[in-house]
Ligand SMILES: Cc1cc2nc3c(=O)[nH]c(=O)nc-3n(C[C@H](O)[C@H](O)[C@H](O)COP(=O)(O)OP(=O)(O)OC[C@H]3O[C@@H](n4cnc5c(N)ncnc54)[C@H](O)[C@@H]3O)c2cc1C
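Single chain ahead, written as structure tokens, the form predicted on its own.
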């Protein structure tokens, strides 16, 4: 596998996860190019090896068991090209970096995503959102590699998407994304975003390991308020705890395990169903290796 990029063995995934949970993986590979990725996928298929593509692990809860396979990270796909209002970014580019580069060119559309700690690829696959905006609003087309390891470009019109969902998930690996952005006054946008971001810092436990909002908001009540009204703020299972600052965050308070997180999620869902007849829907993806 050394021919396909940077290869690491026996990698601790806990160190790559924003909630600091994860086991060890047999290999982690960072391909240098699209061609390398295609060859790597061919090799893995030929050798019947499991693999999982991981972005910044900011919206996934990783099994802390051993993964006898290959984690693929697209960190090397980090180019940003700007032509007028068209912005093309590699799947491994972090959103805050992309926002900063765009603002330097007076392109303001993506500024709403300045505090999302995700990669371009992962954020588009999951249609990340902030402040009432979703990233798919600004997508023009997506370059992907399909299950036959062929590279193709898919226009936005051919992608179905909704709240925290796109049809790209499980069907393609995103290589790069082209956005269409509007020009504007960066200083005005920055002022607005900074005000909103300060509010987030004051109301969310951004200083503790988490995966952000744990549940989608039900129709009639924000998930955080619902969980708080049920008296679940501060509830813990092992090292996992419902944040005292915002009840729709589960934080890794003290070396939480994967099971701690899952049990706490199940406890919250059970309470909401029994006491308010509301079925909460999980926002992050749970990844089990078995």
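Positions refer to the first chain, counted from 1. Keep in mind that this is a model prediction, so the values were computed, not measured.
Beyond what is shown, the protein has a form predicted together with this ligand; the following relates to that form.
The shortest heavy atom separation between residue 138 and this ligand in the predicted bound form exceeds 4.5 Å.
Contact between residue 164 and this ligand in the predicted bound form is found at the 4.5 Å heavy atom cutoff. The closest heavy atom approach of residue 54 to this ligand in the predicted bound form falls within 4.5 Å. Mapping the unseen interface onto this chain, residue 206 counts among the residues with a heavy atom inside 4.5 Å of this ligand in the predicted bound form.
For the three residues 21, 214 and 254, a heavy atom within 4.5 Å of this ligand turns up in the predicted bound form in no case. Heavy atoms within 4.5 Å of this ligand in the predicted bound form belong, among the stretches 222-230, 63-71, 46-54, 256-264, to residues of 46-54. Proximity to this ligand in the predicted bound form, defined as a heavy atom within 4.5 Å, singles out one entry of 200, 183, 86, 152, which is 200.
Contact annotation: of the candidates 107, 98, 128, 193, the single residue with a non-hydrogen atom within 4.5 angstroms of this ligand in the predicted bound form is 128. Although this ligand is not shown here, in the predicted bound form the stretch 77-95 places heavy atoms of just one residue, 91, within 4.5 Å of it.
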